[in-house]
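A single chain, nothing else alongside it, follows as C-alpha cells in the form predicted on its own.
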C-alpha cells in the first residue's frame, strides 16, 4: 500500500531525507522512529501528497503522490503532529464536516473506528477546543477514518497522551490491521514500536533500520555488558573502560552503564564491580546502530 523509492528532500542547502526506500503492504503496521529532526514529519507530508517538491517516487494506496494527489487524499487518512481540527466546532460537528467533505456518512464512524468513537461519543456536543489532549487525538483519528481510507498516516498521535488513551489508540490500530488498513505511525515510545509489524528507524534523514521488532533484536552485532553505576560515578567508569581494548561505546542506562564491545574485550571488574553479559533491548539496538554505522 506504500512504495517509496530513493526519496531525497531538501530545504535550501539542508537535506532532510537522504535516499529513503521502503515498502509496506496491505494491513501492515509500521512504526516510524527517530529523534526530532530525523525527517519523519517531512516524510508524512510527502506521503500525504502535501509536498510534491522531492526527488524519487512514492506510491500510496496505488496512486502516485506527485501526479495523482487527489486520489491519494481519498485513499489516505492523515493525522499531523499538530492538532488541526476546528476547535470552535463540537466533536460531532467536526466529524460531520469531514464526512461531508468526502461525501460519506458520519454515522459510519461507529464501525470504522469503534474503540475511539465509543469514548468520544459522550462528548459529541463539546467543543473540540475544550477536549483533553488524548480526546483531541482520538477525534483527529476518527475524522481521518470517516471516509474509510486504505492507508492511515499518524504523526506522533500519542505524544502527551494519557496511558488509557494510548491503549485505546493501539487497540484501534490493531483492529484496523485486521480490516486491511495499512498504518504508518511515528512514535517515541519503544513499547508502542514493539506492537508494529515492522520498525523504520530514521536518523538525520538516513534510513538506518527497517525490519520486524524481532528481526531488529536479532541484528545486534556486538557483545553487550551491564555494570551497576550511579550517575555521579560515570566519569570514573568511563575513563577506566575507555582505556580497555575492545570497548566500542558505553552509555548510562538508568542506574547502570551499558558497554558495547567486540570479541577482544575481557570482562574484568570495573571500579571493583562485576560486568554482566546481557541481551540487548530495542534502545540498545538503536544506540549500537548509531555507534557503528555513522
Partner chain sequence: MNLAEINNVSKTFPPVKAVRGVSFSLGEGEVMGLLGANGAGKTTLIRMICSLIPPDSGTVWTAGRPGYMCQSFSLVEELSVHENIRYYGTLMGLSRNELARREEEITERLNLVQYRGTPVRALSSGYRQGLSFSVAVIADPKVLILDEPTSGLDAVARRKMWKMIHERASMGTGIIVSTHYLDEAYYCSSLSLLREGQLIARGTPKEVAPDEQSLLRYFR
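Residue numbers count along the first chain shown, from 1. Nothing here was measured: the structure is a model prediction, and the numbers come from that model. Just so we're on the same page, rigid core means the largest C-alpha set that superposes within 1.5 Å between forms.
There is also a form predicted together with the partner chain; it is not shown, and the following applies to it.
Of the candidates 255, 262, 266, 236, 255 is the one whose heavy atoms come within 4.5 Å of the partner chain in the model of the complex; the others do not. Of the listed positions (189, 115, 210, 123), a single one reaches within 4.5 angstroms of the partner chain by any non-hydrogen atom in the model of the complex, namely 189. Of the candidate stretches 219-227, 161-169, 177-185, 115-123, only 161-169 has residues whose heavy atoms lie within 4.5 Å of the partner chain in the model of the complex. Contact with the partner chain in the model of the complex, defined as a heavy atom within 4.5 Å, is made by none of 2, 21 and 63. Within this chain, residue 54 is remote from the site of the partner chain in the model of the complex, having no heavy atom within 4.5 Å.
Not displayed here, the partner chain is approached by residue 283 to within 4.5 Å at the level of heavy atoms in the model of the complex.
With a 4.5 Å cutoff on heavy atoms, residue 231 counts as touching the partner chain in the model of the complex. The partner chain in the model of the complex comes within 4.5 Å of no heavy atom belonging to residue 198. Along 33-63, a non-hydrogen atom within 4.5 Å of the partner chain in the model of the complex is carried by 35, 36, in order along the sequence. Comparing the forms between this form and the one not shown on their rigid core, the Cα displacement of residue 63 stays under 2 Å.
After superposition on the rigid core, the Cα of residue 198 moves by less than 2 Å between this form and the one not shown.
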